[in-house]
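Single chain ahead, written as structure tokens, the form predicted alone.
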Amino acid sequence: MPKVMVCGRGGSGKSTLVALLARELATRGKVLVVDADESNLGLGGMLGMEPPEKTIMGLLGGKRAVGERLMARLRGAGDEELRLFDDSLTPADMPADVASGDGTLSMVRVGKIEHSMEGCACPMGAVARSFLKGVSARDGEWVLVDTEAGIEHFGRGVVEGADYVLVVVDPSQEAVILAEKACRLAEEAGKPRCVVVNKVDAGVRQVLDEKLARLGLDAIAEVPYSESVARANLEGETVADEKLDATVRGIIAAVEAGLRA
């Protein structure tokens, strides 16, 4: 089953949608959520679990060690590509100290900004790219990737390890412009993609649809604003709203159809 990269502008609801999708998919099989946002600290709470003890970056020796391996490769003295594992890794095989969850719904974190003045997050992008390329999901397993805000993950090549790109758009001009570029970059990378509009109501839906249409984009689903989801996010609790379940199932069906196309 697929590795789905969820992207969009900051505040569009990427992490919330990842949590909602993960909750539904966990009723069908195994789900691995990959936290590839070096700034987001709340995804574990949204999923209803404690974050794993160690990041993947930590498993590799930390940011400095990964940076040194990257520099060695750039100098031609290292591997052609930064590799995390010799063999393919499945969601069920995640090392215990880098994965949290119950085995059905699990979460790993690529890496986080830990210190002031520690430098750029480029090594984390390299780790995310290599990790996603190495992970293979068996039938009935899904991998959901929560990315950082914007489109940096396209430039870093993280998209190479994904099978599908889901772009989240909230009612803002910035989100619409970014969605057009993200979709174009996904197509450039040869990845199927879709757009989901989030936190909308009847008053803005038509305007948002018109803006997207002018850019050649059509949303496959509308996720309305949910007070219970907003409250759960504020309290750091599991994100859930039964009223959104049918919409979430529709998004999953659309992704499956897009992969078969």
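Note that the structure is predicted; figures quoted are calculated from it, not measured. Residues carry their position along the shown sequence, with the first being 1.
Here the subject shifts to the form predicted in complex with a small molecule, a form of this protein not shown in this document.
- Of the listed positions (Gly62, Pro224, Gly29, Pro192), a single one reaches within 4.5 angstroms of the small molecule by any non-hydrogen atom in the model of the complex, namely Pro224.
- Contact with the small molecule in the model of the complex holds for all three of Gly10, Ser15 and Asn233, each having a heavy atom within 4.5 Å.
- Looking at Lys199, you'd find a heavy atom of it within 4.5 angstroms of the small molecule in the model of the complex.
- Using a 4.5 angstroms limit between non-hydrogen atoms, Ala36 is distant from the small molecule in the model of the complex.
- Under a 4.5 angstroms non-hydrogen atom cutoff, the small molecule in the model of the complex has Met46 among its neighbouring residues.
- When contacts are judged by a 4.5 Å heavy atom cut-off, Leu217 does not count as touching the small molecule in the model of the complex.
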